[in-house]
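So this one's two forms of a single chain, laid out as structure tokens and tagged structure 1 and structure 2.
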Structure 1
């Protein structure tokens, strides 16, 4: 085998020409497309990271809003408990005052009725005493008759009341 240096030079020249043509017409657009693709991937990664951060921020905001809502609900429940306890106490106080008032009225009514009964009894007793005395004076009776007379008048008093 013989070495032909002309063939080698022609192959090297052809390779250099092919490389220059490919660089100008093929590699340039290919590298441009690859650069665009690399930039697109880079932008997508940046967008994904921004979206992740925004989602994380919204999640934190929602957690805070939920905690605030729970706190407000707890405060509303506590306020309702306090209000209902106060209302129950007010109702009990009003009922106690009403029962005391009714009791006092009943005691006054009983006292008035008692006084009326005593007054009526006094007038009847005094009237009866006068009648008994007049009967005793009218007729002298023995002890047994006097007892019967007193019993009769007491029965009359009992029937009138």
Structure 2
């Protein structure tokens, strides 16, 4: 077996050359890409975390808004209920008052009519009775006693009415 020292030297040179070439043209770019990917993954994770937080926050906001809207709707309904009840009461009151007023008016009218009728009747009755009485006792009494008699009768009629 022979030893060739040239082999050793060439092996050393070849290995160092290979190391340099690989470092420059193969591993350098590869490591860069791997580092880039690592960075990318890191960024993506951070992004995902951020968007998750954002989504959570938005969800909470929406929940709150929904609650608010519900409350508002409830209030509106309540108010409507209240106002409608009040309106009904008002209408009822107004109707009652109107009816009372109408009734009173009617009673008043009736009273008036009655009084009118009574007074008309009285004047007529007095005239008629004068006529009747004058016809009956025309010749029996003089003017003076006739007057007295008429008054007496009238008083009697008036008391009876």
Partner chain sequence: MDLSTILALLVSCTVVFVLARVAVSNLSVHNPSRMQNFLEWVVDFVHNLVASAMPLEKAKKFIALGMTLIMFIFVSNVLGLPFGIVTEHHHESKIFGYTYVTDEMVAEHDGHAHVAWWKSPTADIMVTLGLAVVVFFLIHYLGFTQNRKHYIKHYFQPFWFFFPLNLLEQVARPITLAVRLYANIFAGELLIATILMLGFVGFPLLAVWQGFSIFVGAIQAFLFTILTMVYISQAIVHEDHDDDHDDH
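By rigid core we mean the largest C-alpha set that fits within 1.5 Å across both forms. Residue numbers count along the first chain shown, from 1. All values derive from a computational prediction rather than experimental measurement.
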With each form of the chain shown alone, which structure should be assigned as the form predicted together with the partner chain?
-> 2
After superposing on the rigid core, how many Å does the CA of residue 9 move between the two structures?
-> 9.5
Once both forms share the same rigid core frame, by what distance in Å has the CA of residue 21 shifted between the two structures?
-> 4.5
